[in-house]
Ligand code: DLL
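Okay, here we've got a single chain as structure tokens, the form predicted on its own, with questions on binding and movement later.
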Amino acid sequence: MIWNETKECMSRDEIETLQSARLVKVVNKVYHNVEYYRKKMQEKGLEPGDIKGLEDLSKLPFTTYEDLNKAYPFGLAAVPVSELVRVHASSGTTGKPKIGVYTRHDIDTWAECVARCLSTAGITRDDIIQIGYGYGLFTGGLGAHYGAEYLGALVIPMSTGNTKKLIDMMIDCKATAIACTPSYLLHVAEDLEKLGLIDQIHLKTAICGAEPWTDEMRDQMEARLHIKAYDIYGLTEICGPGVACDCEYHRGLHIWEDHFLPEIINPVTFEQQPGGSDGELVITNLTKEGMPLIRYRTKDLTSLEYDRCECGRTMARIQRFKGRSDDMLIIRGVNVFPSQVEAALLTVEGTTPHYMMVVDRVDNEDTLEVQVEVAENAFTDEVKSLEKLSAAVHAKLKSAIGLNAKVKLVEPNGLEHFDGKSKHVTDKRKLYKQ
């Protein structure tokens, strides 16, 4: 089902005409209402009249996390605080959190974007959906909640932290859909299997986001829970969940280009890249009132495809994320992303998706240890069986990342299972003084 066919199925000419008009409008707004942006534009010798459409996008300055940090908390707001109705913030563990502020109109727009995403995943007003994201400053809970209500679905606001209660409500209320992080959904699947309750659930659909995940993880979720799983994308500083979502064809995440202007840049040279080329995703808010960001560098590495999808939608599709430019590990000169490790582990029978990469420096040489949790049905006291499993993991990892990694098998539930965003890297090198 297409929620807003008038917008989601526009021709490319219609999309670009609308984007150009909205870009001109938002640039004028931030120039006159946000001192921070006015100074950045003036430093580049720019005035609003210099931006006449999409062809001038590359003239504009980028916005980065460092800019958000300097302007924290409301220095990038484009309206008076009296016009703002909501604050959200990232769950970042270093520095100041990334802030997002919203007007009443922003909240309504956000809800509509999330409703589009849920429809893209096949969810309708006839569904009963559990929201398994955290509520509060994190955008996931309230963002998914408002979007589901806007769609007309029956919402169960579960949040995180009580998986037993979530399972009870899932069964008792006959929930047909769930929105949560992919790692938490696998945790739910594990508990359902332990309790022997898989056959008692009515789930058909999961919409997962807030952390990167792989096709292999999708396959595992779908097989274990007998559902269809969809990827949703968003950023606190842009709006939260609802920026993009994939459809039943899984050919990329449809980004709502009437609200979010995407581009791909080379993260080293900062030059714009053509469609289909890999690089860093950059997003400009086209309709946000409270805190529109201009050319925000997401740090997410991907590409954009612009051909019409089989589902009928015409807007650009964000391709599978290859990692983050700031999450990339350089180990002995090799670029390594956690997503590569995850994809490799999911192909090894006898392991779970729970893992931890520990990077260290010993005798001036980088080392990598990958701690892998063993599945309960594969855990045994037989040394030969565990050695065989360890060897299989080692071989898969070497093939995937091109490095010899030390493999440490961990007993079931021996690693932390996260309700929210999962953490997979401990880089001890960062603790050393340079």
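Note that residue numbering begins at 1 and tracks the sequence as displayed. Keep in mind that this is a model prediction, so the values were computed, not measured.
The next section is about a form of this same protein that is not shown, the form predicted together with this ligand.
Student: Considering this ligand in the model of the complex, which of Pro212, Gly279, Pro353, Gly100 comes within 4.5 Å of it through any heavy atom?
Tutor: Residue within 4.5 Å of the partner: Pro212.
Student: Which listed residue (Ser183, Gln130, Thr236, Thr284) meets the criterion of a heavy atom within 4.5 Å of this ligand in the model of the complex?
Tutor: Spelling it out, the residue with a heavy atom inside the cut-off is Thr236.
Student: Candidate spot Ser11, Phe62 and Thr314, all three in 4.5 Å heavy atom range of this ligand in the model of the complex?
Tutor: Per the other structure, none of Ser11, Phe62 and Thr314 touch this ligand.
Student: Go through 161 to 169, 341 to 349, 264 to 272, 224 to 232 and give me the stretch that gets within 4.5 Å of this ligand in the model of the complex, heavy atoms only.
Tutor: Every other range fails; the passing one is 224 to 232.
Student: Might Ile198 be said to contact this ligand in the model of the complex, defining contact as any heavy atom within 4.5 Å?
Tutor: Result no; Ile198 lies far from this ligand in the model of the complex.
Student: Even though this ligand is not shown here, does Val358 get within 4.5 Å of it in the model of the complex, heavy atoms only?
Tutor: Val358: no, not in contact with this ligand in the model of the complex.
Student: Does Asn335 reach this ligand in the model of the complex, with heavy atoms at most 4.5 Å apart?
Tutor: Taking the distances in the model of the complex, the answer for Asn335 is yes, it comes within 4.5 Å of this ligand.
Student: Is His187 close to this ligand in the model of the complex, meaning a heavy atom pair under 4.5 Å apart or at it?
Tutor: Heavy-atom contact with this ligand at 4.5 Å: absent for His187.
Student: With this ligand taken in the model of the complex, which residues across 127 to 148 come within 4.5 angstroms through any non-hydrogen atom?
Tutor: Counting only heavy atoms within 4.5 Å of this ligand in the model of the complex, the contacting residues of 127 to 148 are Tyr133, Phe138, Thr139, Gly140.
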